[in-house]
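Just one chain follows, in the form predicted on its own, and it is written as structure tokens.
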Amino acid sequence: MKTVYNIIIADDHKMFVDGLRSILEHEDDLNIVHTTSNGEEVLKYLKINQNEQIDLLITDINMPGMDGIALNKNIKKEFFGIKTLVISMLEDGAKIKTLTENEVNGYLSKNAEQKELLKAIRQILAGENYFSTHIQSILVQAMTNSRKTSEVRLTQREKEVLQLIAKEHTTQEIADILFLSKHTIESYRKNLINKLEVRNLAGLTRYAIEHKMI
């Protein structure tokens, strides 16, 4: 007897849900048991129907109320037997990284072809994870950027120089404020550009703003 897998879909775009339903309904081993437009409804359904076997949740990221990131985290915490596949137009490395940290089983772009969609679903149901090649490259870049950010350590003097640069002080003004030579400040500036892997003073200013240093 063939195993039939029960699936829940969470997405607030009705046309996408309808398209997904039309694809999966042609697969005799895939059964859509519930569709909804937000994460809260998924959790509510699962709590009410605890005796029902749910094998896979397919969810978007952006939804009203609880989004797909929070939903995945809750699923993995409360219903650890359910596999999760995110299908989204978003290609945000930080969000994909967060999802993987919370044990999401797969991630696809909504532009994926039907063949890849079914491949991802079956691979996940078989106990493996699935991330498209494009998503994998985005994830690797996000992880690389995260490591770089965490590895950067600025001395107190470097922070002071960076803050003054971001406040648009000239090299001479910074030297006067910190009682250092202009040559020393120029060395700090060059070292900061190399250390933070930016290209110019604008990059230093952007870094200071992003890290709430001013």
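Throughout, we count residues from 1 along the sequence that is shown. Heads up, when I say rigid core I mean the largest set of C-alphas that superpose within 1.5 Å between the two forms. Given the structure is predicted, the values throughout are model-derived calculations rather than measurements.
This protein has a second form, the form predicted together with a further copy of the same chain, left out of what is shown; the following refers to that one.
The shortest heavy atom separation between Lys167 and a further copy of the same chain in the predicted bound form is within 4.5 Å. Contact between Ile9 and a further copy of the same chain in the predicted bound form is not found at the 4.5 Å heavy atom cutoff.
Using a 4.5 angstroms limit between non-hydrogen atoms, Val140 is distant from a further copy of the same chain in the predicted bound form. Asn111 belongs to the set of residues with a heavy atom inside 4.5 Å of a further copy of the same chain in the predicted bound form. Three-residue candidate spot His13, Leu117 and Ile214; every residue lies within 4.5 angstroms of a further copy of the same chain in the predicted bound form by at least one non-hydrogen atom. Interface residues of 13-45, taken as those with a heavy atom within 4.5 Å of a further copy of the same chain in the predicted bound form (partner not displayed): His13, Lys14, Met15, Phe16, Asp18, Gly19, Leu20, Ser22, Ile23, in sequence order. Core-superposed comparison between the shown form and the other one: CA of Arg206 displaced by 2 Å or more. After superposition on the rigid core, the Cα of Asp18 moves by less than 2 Å between the shown form and the other one. In this overlay on the rigid core, Ile9 has a C-alpha that sits less than 2 Å away from its partner position between the shown form and the other one.
Relative to the shown form, the Cα atoms of Ala70 and Ile209 move together by 3 Å or more in the predicted bound form.
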